[in-house]
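The form predicted on its own is given below as one chain in C-alpha cells.
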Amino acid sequence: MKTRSLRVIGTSATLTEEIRRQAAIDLPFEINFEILDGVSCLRRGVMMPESYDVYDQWFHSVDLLWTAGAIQPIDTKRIFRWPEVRIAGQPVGASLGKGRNLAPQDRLYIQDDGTLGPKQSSLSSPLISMLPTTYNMDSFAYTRELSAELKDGELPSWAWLIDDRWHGRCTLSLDPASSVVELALAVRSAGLVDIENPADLTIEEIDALFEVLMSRKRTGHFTRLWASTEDSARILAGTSCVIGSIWSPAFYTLRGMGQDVVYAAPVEGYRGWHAGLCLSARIDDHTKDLAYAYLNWWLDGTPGAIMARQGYYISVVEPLRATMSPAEWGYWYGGEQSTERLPGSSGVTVVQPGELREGGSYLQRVSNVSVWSNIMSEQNYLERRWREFLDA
C-alpha cells in the first residue's frame, strides 16, 4: 500500500487521466493531481506555495513564481537525463525560428546573482527554475463549412479570428496569456494595428488592440470563450462555431469524435509555448525526494509518448523511440504520411492512414514559431483591459 503522496497542480493539458494512471503504475507513491484553469493555476502557484509540492505550468509564468519566492531551484545533478534535455526540443545548432525574442530558455538558469537568465551560472551543475517538459506550436482550428467560404488560393491566417465572414462564430481561450498574443497577431495581420512584438505589447499597442476587440465583442463577433481543452472541443463540435483558437489535445479529441476540422498552419507562423515542472518553495526534504522521482519519470519516455499522442512534444526525445511505434514516430515527429490508424492518448483513433500532420515535421514546425507566449512588461494593465473585454 502506498502511504506517501505528492501534490501536483496544473491544467488538463498535461495532467491528463492517462498520465495519472501511468504514474500510479510506475511510481511507488500516491500522486494527487489538482486540475485548474491556467489563470487559477498561476494565482495558486504564486500565492499559495504551501498548497502544492509540484507546479506544472507554462514557462512564461516562471518569472512571477520566482520573483514571489514561491518556487525553489531545481538541482540538475538530480535529473538523470539532464544532458539530454533540449528546451523546446532544440537540437544543438538548430534555429529557434521567427520567435527567438522572449523564448523559454531565457528564463531557465538561475544566475549567480539569483536572477533568471539564458546561460548557465558558474556552478558546475546548473540550478534551474523549471524542468522543461512538454511544448507545442499552437494555432486555430476551422470546419469544412468555413473552407467552403474561402477564396481560391487563400491561406490560413491569424487574421481569420477577427474576419467578418465568420462573425458570431469564433471562439477564444479565456486565458489572456495565449489569447492576447493570438489576437495581436490577428489585428497586425489584418492591418488594423501596427504592433512591433505581439509577445510584449506597449500600453499604446494594448489600447489600440482592445479598441478593435471591444468593438467586435459588443457586436457579438465572438461566441463562447473556453476555459479548458474539453470546453473548446465541445464548442467547436457544436453548430454555432466554425473557427477558434484551440490547443492540440482538443483538436485530436474532435478528430476522435469524427468531426471534420482542420488545424491551421498560419502563414504568419505559430504561437509557441513551453511547459515544465517547478518545486514549491515550501516542500519538505522527504517530499522533495518524491518530487525528483516524479520529475525524472516525466523524461523516461512513457509520459512523452502519451503527450505525443495528443500532439505535444517532449524535451527528451530519444526514449520515445522505445515507447512509440515507427508509424507514430513518423507521423508525430517526422512529418511523414501515416501508414496506419493512430490512436490518441485515450486510445481512440485520431489519425487515419494517408494523413499528414499540419505544418510538417517537428523541425519544420518549431522553426515556424512566430512568437512565444509571454508574461508581458505591462501585464497588470493588460489583464485589466482583458477583464473589461470579458465583461463587455
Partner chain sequence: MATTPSPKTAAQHGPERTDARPVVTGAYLYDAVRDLLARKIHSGELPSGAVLKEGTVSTHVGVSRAPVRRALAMLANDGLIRGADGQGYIVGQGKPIRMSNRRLHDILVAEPEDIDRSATWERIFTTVLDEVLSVMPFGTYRIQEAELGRYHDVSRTVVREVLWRLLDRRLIEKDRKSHWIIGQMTARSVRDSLEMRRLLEPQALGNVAAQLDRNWLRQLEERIAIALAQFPDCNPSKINMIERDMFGAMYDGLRNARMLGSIRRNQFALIIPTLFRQNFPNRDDRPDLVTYGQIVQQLQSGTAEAAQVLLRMHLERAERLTLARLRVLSLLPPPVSIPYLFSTH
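Fair warning: this is a prediction, and the values are worked out from it, not measured in the lab. Numbering follows the first chain given and starts at 1.
Separately, the form predicted in complex with the partner chain exists; it is not shown, and the next lines address it.
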With the partner chain left out here, work out from 345-353, 65-73, 359-367, 22-30 which stretch has heavy atoms within 4.5 Å of it in the model of the complex.
-> 65-73
For the three residues Q379, E383 and D391, verify that every one has a non-hydrogen atom within 4.5 Å of the partner chain in the model of the complex; reply yes or no.
-> yes
None of E230, E84, D163, E204 but one has a heavy atom within 4.5 Å of the partner chain in the model of the complex; the exception is E204
Would you mind picking the one in Q120, S157, T115, S215 that has a heavy atom within 4.5 Å of the partner chain in the model of the complex?
-> T115
So, in the model of the complex, is L15 in contact with the partner chain at a 4.5 angstroms heavy atom limit?
-> no
Hey, in the model of the complex, is R341 touching the partner chain, heavy atoms inside 4.5 Å?
-> no
Would you check, heavy atoms only and a 4.5 Å threshold, whether L42 touches the partner chain in the model of the complex?
-> yes
Does the partner chain get within 4.5 angstroms of any non-hydrogen atom of A327 in the model of the complex?
-> no
Enumerate the residues of 30-47 that have a non-hydrogen atom within 4.5 Å of the partner chain in the model of the complex, in sequence order, or give none.
-> E34, L36, L42, R43, R44, V46, M47
